[in-house]
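Two forms of a single protein chain come next, each set out by itself as structure tokens; they are called structure 1 and structure 2.
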Structure 1
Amino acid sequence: MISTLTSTLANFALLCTLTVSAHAADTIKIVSSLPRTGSANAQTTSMVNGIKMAIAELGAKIGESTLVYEDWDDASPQKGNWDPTVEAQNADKAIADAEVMAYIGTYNSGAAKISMPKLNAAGLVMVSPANTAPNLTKTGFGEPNEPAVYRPSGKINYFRVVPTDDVQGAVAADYAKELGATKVFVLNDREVYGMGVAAVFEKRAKEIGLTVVGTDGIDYKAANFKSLVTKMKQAGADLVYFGGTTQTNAGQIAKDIVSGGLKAKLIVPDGCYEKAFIESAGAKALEGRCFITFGGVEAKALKGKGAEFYANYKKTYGGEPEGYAVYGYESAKVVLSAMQKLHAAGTAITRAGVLAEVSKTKGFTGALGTWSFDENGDTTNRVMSVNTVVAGEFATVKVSGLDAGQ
């Protein structure tokens, strides 16, 4: 409590001096806006640790300027999840503080929709370690006014280091073919995420010559899907794709496929890449027949700088990093690298300068391999892993997109 109070006071004091001197060379501030209250907290702690590691590696200095990092919460106890009000406040606070040169966040795609237009108008760079909804940056995935509505200035200030769901759906379709599937049945949970990723799967499946024998949007509150399984059996499906999450009953679908005698494999997206999925489906229904795609690889499988990150992380924090830790680290790295370049060129570090440098990121070699930001601000990194369940635990069976970098 006292520390937050003093830091608030310090911020206030800094703000006062700043308005007087109007010169921001001495302190460079990076803030993150991630959910600290609720079930995502463990994931956030891991990402914040990653950001702190990236800053510590530079001795918290860029030239003579001191790097200051602030870890902001975008969730509220009322919601136990990200809160639009808090996210909006965070964005306003960052904009008002002239020392803030970069905004790392958000975790939830929905939260990004709130802060993106604000930060865009202010010309402050925003890097997300975890948003996967394609409509934040690409046309043709969401509303007709997306993503323009998030870019009131017309320029791009939002970047992300994590591959989007349109990549994920395609990887799933390619893997379906690899499994030898010819007739696929595509299901979705009629939610934004599930429908989006299932639509990409379906499109890609048709492109690579798989026959889509049927599609359906399930009623995920139904008791079971046995009748639907019979329908898929009748259609002769040898693979089922379900765009959905553990919460939208992926486990029940896996079970009903087995009990209904449908001899088909099942592929599900990263919304099921959590222990709770195995618990709800029961390992027996998944082993050898269910595959789960995930953006990136598990931390211990990272190579090169990623392997160094993993070793350092374990040394510094003494535990296994969560899935998104490395993305937090990489987000900070890309921002810091831009600042270093500005410093090396003898240019003052300003918001506009940092934004310009970040958007020029090409062939960046970091913990996630070598990648660039494309014209939409998305990473060119296409690394996806396909996982299955072995002895009640997730096990990686395939990693794709390693060569797609640059």
Structure 2
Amino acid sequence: MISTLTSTLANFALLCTLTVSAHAADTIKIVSSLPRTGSANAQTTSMVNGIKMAIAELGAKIGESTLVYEDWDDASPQKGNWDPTVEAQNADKAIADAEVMAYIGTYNSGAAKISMPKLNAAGLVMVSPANTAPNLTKTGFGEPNEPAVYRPSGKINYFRVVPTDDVQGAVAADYAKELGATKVFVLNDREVYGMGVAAVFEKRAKEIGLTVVGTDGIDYKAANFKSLVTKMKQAGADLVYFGGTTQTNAGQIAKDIVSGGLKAKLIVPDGCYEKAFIESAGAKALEGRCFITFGGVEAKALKGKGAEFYANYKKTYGGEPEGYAVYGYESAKVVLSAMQKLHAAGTAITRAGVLAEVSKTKGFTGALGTWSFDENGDTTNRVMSVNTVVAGEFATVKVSGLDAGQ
């Protein structure tokens, strides 16, 4: 009997050892879904670099588990931009891989609409470093079924570390008035993000006494917008607002405004806050006449942990980060912090656990200052900057909503 008991205990000990060893070899995956094909590549490469930095700071480990990061493209060569089919495939792939504990993305708000309900039903946390369309999380900005349609489980699994367009569009309109504009023409690219931010700008412009002399949705695949410029001249516009991105031809609009002789300022949102916009428009078409809003401040102006991020980024990659690099970094840091809390509590790192911890994020002190996720999954950070182009580089002209933690 003793011999049998001894043998049983030995086998149990061996089983425990094997179980611990198996746990030690566990892999925890974090994936991102961003447009890596097309002109957004420079911006998203910078964001991916930020994610990699956050993981490297932990030695790519949570306890004995190995952190593995996979950089997924949600764009296609055919579109040269994000592709609904590819984004859907990425979401499905993440759901099917039991090792995936977090999904960082998307870059485009339209892409988020594709993956949000899928990931929500699967209980997989999604943290966006760049989506700004308010209707993804708030009522009153889109269709009657938004945002409920993105939450089939009835719970929130989607979070974002960037301020939304109901803040950005209003800041842009207020700045238009500061510039002395009286007659504004509002354009959008007919995409979710562009239409949303343009609508907020238009609403705020009317509230503060600006005259909206025209609105239009463009075909962003058009070779040029010369006829549209003629229309804006005839309307007497002294400022043009374009709700869109570099990828939806903001650069061509800027060039045509200049070549068409329209003496109007141009304001564009954060989808154009990337070097690719300056390259596509040409600095001469932007300097002294174009202003770009951005949710946050330029990387070199970050304070505290943000300043540390900036210095480490330059040291690691040998160059300046694009505007959204720090948001990729912060997204990863939030997810990793949740995993670390689970490990410290001796709790298994599961999708449900990570989601629960991310949802509790309050008073998070990171590279973007001190902030929390609100009841919608949105950041409480409201810092916005207005930028222009000087000598071929972005330069900040105004910052609003700055607090002591930034």
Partner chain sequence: MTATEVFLQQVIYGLSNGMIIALVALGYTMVYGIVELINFAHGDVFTLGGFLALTIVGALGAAAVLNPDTLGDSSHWLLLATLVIGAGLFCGGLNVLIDRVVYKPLRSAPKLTQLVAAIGVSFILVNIALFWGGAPMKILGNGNAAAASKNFPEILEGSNLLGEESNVVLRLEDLAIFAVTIPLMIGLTLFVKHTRLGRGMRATAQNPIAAKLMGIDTDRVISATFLIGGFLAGAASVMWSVYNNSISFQMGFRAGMDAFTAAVLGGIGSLPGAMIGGVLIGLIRSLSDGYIETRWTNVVVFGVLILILVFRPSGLLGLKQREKV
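Note that the structure is predicted; figures quoted are calculated from it, not measured. The term rigid core refers to the maximal set of C-alpha atoms that superpose within 1.5 Å between the two forms. All residue numbers here follow the sequence of structure 1, with the first residue given the number 1.
Between the two isolated copies of the chain, the form predicted alone corresponds to structure 2. Core-superposed comparison between the two structures: the CA of K303 stays below a 2 Å shift. The rigid-core alignment places the CA of R289 2 Å or more apart between the two structures. The two forms, fitted on the rigid core, differ between the two structures by 2 Å or more at the CA of Q252.
Taking the core as the fixed frame between the two structures, we note the C-alpha of V200 moving 4.1 angstrom.
The two forms line up on their rigid core, and V386 then has its Cα shifted by 2.8 Å between the two structures.
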